[in-house]
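Below you will find one chain, with nothing else, as structure tokens; this is the form predicted on its own, and questions on how it binds or moves follow later.
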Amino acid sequence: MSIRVQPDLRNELIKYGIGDWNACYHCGTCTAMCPLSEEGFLFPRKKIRLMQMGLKGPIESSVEPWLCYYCGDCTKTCPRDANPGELMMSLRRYLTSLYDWTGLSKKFYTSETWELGFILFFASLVVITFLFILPSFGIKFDTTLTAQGGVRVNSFAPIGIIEPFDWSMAFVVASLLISNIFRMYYKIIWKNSTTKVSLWVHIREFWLLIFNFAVQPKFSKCDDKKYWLSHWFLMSGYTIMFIVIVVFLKWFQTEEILPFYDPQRLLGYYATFGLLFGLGFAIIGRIIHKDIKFKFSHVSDWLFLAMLTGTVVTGILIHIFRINGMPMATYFSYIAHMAILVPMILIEVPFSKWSHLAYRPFAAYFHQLKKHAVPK
């Protein structure tokens, strides 16, 4: 099997935030320090060597960047300040763009104008819809309160309209993400491979996909348990909120003021706590720059944190204003919430940071498949 060298790979990778990896002279300290490195899957050192040699093929078929959770130990102990941890983060951005068949992921990661432009475009559509399009069909701001003194939110944002929109958006995002995962599988398992994996192995090891998504066991091997905990809270909080809003919207978007111990409110409170805990850890870490893993932030990192924070804050305001009988405050908070949430889901989930929630557990699954591969 021939491997094609691409001399321009370095210039391409620089666009994704990768610094000067030529500072690395392959002492092996990063690999020795990493608690996740294992025989046959040595990182970050192996990926640095592939980049230095301009070997795009082996890079795009690798799973190592997704198995790295950036605890920062490799960067802290690097004697040449080559910053291997941030290098692996940048490789994840690059691989995301390779899996994406639309080319939008590359545009968003390499151009702030493209990403901000799409965010503003979808946010504007949401605002125009609520302020002009829906009122033209007789859907108006209802300032009368319910018998319990709550806001009639469903008269302003009817379930019959919002729910089909949610499902349509979920279908589009899922289709894009699933098709990208198939491309990921093709590049890692199938393309240019001299080995094969039986169907039985695919079935037998599939439980690892679910287990890694729910628990993130590899992350827990890192010494900094607070980082793993904050990441887990963030992931679980978002996942619960996404499922509740999309799948159980009729149950969640209610005009009835339920007791605080009702399962609907408890789920909402947990999701809010998980998101705030994870966001607080990430934002404060990036502001104080104490931990090495927070010292180097790409523009996409800050955009993601800003949009997720805006979604959480406006969601909290909707709840407070709704149960306290403040109609106009509720409605404008709802518009702001949707104006942030919609572009975040449409952009971040299939093309940017949130896609990592899918790529990481699938990479762990494909990693296990490669272990059980046999020669063709």
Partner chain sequence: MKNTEQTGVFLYKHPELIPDPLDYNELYSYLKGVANVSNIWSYNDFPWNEENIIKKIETHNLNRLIIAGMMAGTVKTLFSKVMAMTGKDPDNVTIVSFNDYGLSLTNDMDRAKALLACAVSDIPFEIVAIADDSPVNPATLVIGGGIAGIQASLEIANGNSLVYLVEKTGTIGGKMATFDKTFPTLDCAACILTPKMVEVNQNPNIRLMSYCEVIEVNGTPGNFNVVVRQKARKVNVATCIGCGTCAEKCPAQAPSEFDAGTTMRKAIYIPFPQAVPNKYLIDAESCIYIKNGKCKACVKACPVPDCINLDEQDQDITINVGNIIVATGYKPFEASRMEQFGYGKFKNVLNSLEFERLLNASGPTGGNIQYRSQDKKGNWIFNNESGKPEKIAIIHCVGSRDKNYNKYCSRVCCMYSLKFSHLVLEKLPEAEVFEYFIDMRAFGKGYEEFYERIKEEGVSMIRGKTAKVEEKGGKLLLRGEDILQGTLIANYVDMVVLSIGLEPGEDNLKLSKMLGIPVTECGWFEEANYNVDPTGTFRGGISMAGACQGPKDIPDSVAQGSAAAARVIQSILRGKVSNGLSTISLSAVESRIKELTLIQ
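Please read these numbers as outputs of a predicted model, since none were measured by experiment. Numbering follows the first chain given and starts at 1.
Another form, the form predicted together with its partner chain, is not on view; read the next lines as being about it.
Engineer: Is there a heavy atom of Ser37 no more than 4.5 Å from a heavy atom of its partner chain in the predicted bound form?
Structural biologist: Contact with its partner chain, yes.
Engineer: Using 4.5 Å between non-hydrogen atoms, is Thr77 touching its partner chain in the predicted bound form?
Structural biologist: Answer yes; at least one heavy atom of Thr77 falls within 4.5 Å of its partner chain in the predicted bound form.
Engineer: Taking its partner chain as it sits in the predicted bound form, is Thr309 near enough to touch it, meaning that at least one heavy atom pair lies within 4.5 angstroms?
Structural biologist: So Thr309 does not count as contacting its partner chain.
Engineer: Any chance His26 has a heavy atom within 4.5 Å of its partner chain in the predicted bound form?
Structural biologist: Heavy-atom contact with its partner chain at 4.5 Å: present for His26.
Engineer: In the predicted bound form, which of the listed residues (Val313, Met33, Met326, Ile335) lies with a heavy atom within 4.5 Å of its partner chain?
Structural biologist: Of Val313, Met33, Met326, Ile335, the residue with a heavy atom within 4.5 Å of its partner chain in the predicted bound form is Met33.
Engineer: To verify the annotation, which of these, Glu112, Glu256, Asp262, Asp81, has a non-hydrogen atom within 4.5 Å of its partner chain in the predicted bound form?
Structural biologist: The residue from Glu112, Glu256, Asp262, Asp81 that makes the contact is Asp81.
Engineer: The chain here is shown without its partner chain. Which stretch in 234-242, 69-77, 128-136, 99-107 comes within 4.5 angstroms of it in the predicted bound form, by heavy atom distance?
Structural biologist: One stretch meets the cut-off, namely 69-77.
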